[in-house]
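Shown here is one chain on its own, the form predicted on its own, set out as structure tokens.
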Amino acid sequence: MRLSRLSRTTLGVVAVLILVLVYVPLFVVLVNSFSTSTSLSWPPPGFTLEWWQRAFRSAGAMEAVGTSVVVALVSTAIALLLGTLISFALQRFDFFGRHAINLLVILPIALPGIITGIALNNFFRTIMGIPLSIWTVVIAHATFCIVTVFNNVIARLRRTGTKLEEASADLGAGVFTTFRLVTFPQLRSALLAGGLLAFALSFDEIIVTTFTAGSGVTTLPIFILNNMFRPSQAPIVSVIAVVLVIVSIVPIYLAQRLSGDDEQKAP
């Protein structure tokens, strides 16, 4: 299907406008992190590295970074384990309710974050009687991080099939040997891509975190929200926001490269 010149031009203009709306605010945040103005006046009256130095010397910011990293790592580890097991169960076995379970696994990432947050808050506090803490945040994040791992792994299982594993079994290899030498190498890049996406998703999540974090738990997004409107803190928040964007982009970029390389290698 060939588009007319007018259609191509219109689509190009719309695409450029969308990219401008998405990336210009990020560029403004980057510039503000070097601004000499404490009120972030525009255009910046001058540029300085003072806010970057103060941000990295801020005990609250560093503690929030550490909390976010711990939550993201543990959530990703749980997601890798459970997401992989669910993928094998749904792809390799046929049983009653398989499609319903598939829907339930994907549903957490499709639901609005505020709905998930309220539901988990009620579950932890009202039903289970568990006080909110860093571990309730980890469990909450794992519920939607599982989806990214699940999608990557089950897509790889569907594409690779079971012929190599059957051949390995015919040659006398046991279940664990087959998994170690045949199955896992085929899944390695999918697991890495899913894990990187899960880490990025958890690291900058704020809506579900707000409902499931205890009073003493401050992740980096919550730290940004709490300090955004405080006097003289706006430039430091801009610095932290830039770091957050970078930390989120790098895993997504690596995951995309891994997925692209696998697509090129596929027969």
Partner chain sequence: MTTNATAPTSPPGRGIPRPKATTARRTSVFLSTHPRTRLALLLSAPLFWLALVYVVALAALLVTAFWSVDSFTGQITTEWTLDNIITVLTGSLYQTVTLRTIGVALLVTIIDVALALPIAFYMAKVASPRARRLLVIAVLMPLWASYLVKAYAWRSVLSQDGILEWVLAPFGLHTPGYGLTATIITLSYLWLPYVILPIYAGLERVPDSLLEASADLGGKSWPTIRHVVLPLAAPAIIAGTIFSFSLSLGDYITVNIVGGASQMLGNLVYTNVGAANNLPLAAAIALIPIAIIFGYLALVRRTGALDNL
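Residue numbers count along the first chain shown, from 1. Treat the numbers as computed from the prediction; the structure is a model and nothing was measured.
Not pictured, yet referred to below: the form predicted together with its partner chain.
Only one of L80, I86, V182, L187 comes within 4.5 Å of its partner chain in the predicted complex through a heavy atom, and that residue is I86.
In the predicted complex, its partner chain sits beyond 4.5 Å of every heavy atom of V149. Although the partner is absent here, G161 is not a contact residue: none of its heavy atoms lies within 4.5 angstroms of its partner chain in the predicted complex. For L191, no non-hydrogen atom is located within 4.5 Å of its partner chain in the predicted complex, even though that partner is not displayed. Taking the partner from elsewhere, G60 is found to have every heavy atom lying beyond 4.5 Å of its partner chain in the predicted complex. Contact check at 4.5 Å (heavy atoms) against its partner chain in the predicted complex: all three of F123, I127 and I249 pass.
In sequence order, I18, L19, L21, V22, Y23, P25, L26, V28, V29, N32 are the residues of 16-33 having a heavy atom within 4.5 Å of its partner chain in the predicted complex; the partner itself is omitted from this view.
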